[in-house]
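Before any questions on how it binds or moves, here is one chain, the form predicted on its own, in structure tokens.
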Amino acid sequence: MRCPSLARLAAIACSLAAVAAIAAPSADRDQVRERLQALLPGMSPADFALGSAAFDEGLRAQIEQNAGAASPVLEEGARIWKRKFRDGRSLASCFPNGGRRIAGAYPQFHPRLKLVMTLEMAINQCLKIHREALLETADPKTMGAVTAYLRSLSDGRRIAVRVPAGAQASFEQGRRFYFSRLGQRNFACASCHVQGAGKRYADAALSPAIGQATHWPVIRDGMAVSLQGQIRECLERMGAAPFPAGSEELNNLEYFLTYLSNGLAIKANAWRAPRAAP
């Protein structure tokens, strides 16, 4: 029997290492799903996609009653999306199918830049290429509106975020952030949205980690609140200084959190009640 060469053995080892790296994120997702299903028996991942409304019939009814609340935001987002640049192109021209059916693939890992690229980053990259003014990542009236519109073009499409071998470190950083205790209250994101999913905080039920990425941005007070915007609010409640929107830390966290919702359908721009005055 011929023995494989050292070069062949090395190639096999490299292939196995790559497979192991790619498989690890799915194991993380399965572990979170199993934990949630043990805590919330009878609920499916599709139920998790309802967020807080999965535990609150009154909130579900309010969301349905306010389904039109996103219309002004989407109209402004469409205007920005279709606006002609000085060179005659537009944001729509930068994306396949004019941006239809693409949102479920974001965030995605950029192999050349070796970083996680969010939908907001892809929008600004298009503007930069065409020498147009960039949008402020945290501005709900511009970036929020255009992202809300772009996400609406993928309503009903399933999230399908990939984690190639080169993205493992970014994914792991996002996972570590999610489970790390921070701030004066010594909470982690997982404290509320894994261990505490379905319980109540103040006047709202805590949404499960799986499903959270399906309905962003949410529409609150007539403006689009991004997933990172919601994360930053949560960090403040934890007594931790929030990282800037678009930071590597939040991009990696969004990458991890969105991957957890793989296979669930996007239902962007759900209405949410205004924040109570402090």
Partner chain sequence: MRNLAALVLAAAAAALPAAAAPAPTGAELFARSDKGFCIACHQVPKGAGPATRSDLGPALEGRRMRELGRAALRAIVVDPMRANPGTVMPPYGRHRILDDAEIDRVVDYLDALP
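Positions refer to the first chain, counted from 1. If you're wondering where the values come from, they're calculated on a predicted model, not measured in any experiment.
FYI, the form predicted together with its partner chain isn't displayed, but the following is about it.
A heavy atom within 4.5 Å of its partner chain in the model of the complex is found for exactly one of S93, Q125, Q168, S191: S191. Only one of the listed residues (L206, I159, I80, L74) places a non-hydrogen atom within 4.5 angstroms of its partner chain in the model of the complex, and that residue is L206. Although the partner is absent here, R131 sits far enough away that none of its heavy atoms falls within 4.5 Å of its partner chain in the model of the complex.
Using a 4.5 angstroms threshold between heavy atoms, R181 counts as touching its partner chain in the model of the complex. In the model of the complex, at least one heavy atom of Q195 sits within 4.5 Å of a heavy atom of its partner chain. When its partner chain is considered in the model of the complex, N97 lies well away from it, no heavy atom lying within 4.5 Å.
The stretch that touches its partner chain in the model of the complex, counting heavy atoms within 4.5 Å, is 182 to 190, out of 80 to 88, 102 to 110, 182 to 190, 135 to 143. Contacts between stretch 198 to 213 and its partner chain, counted in the model of the complex as any heavy atom lying within 4.5 Å, involve K199, R200, Y201, A202, D203, L206, listed in sequence order.
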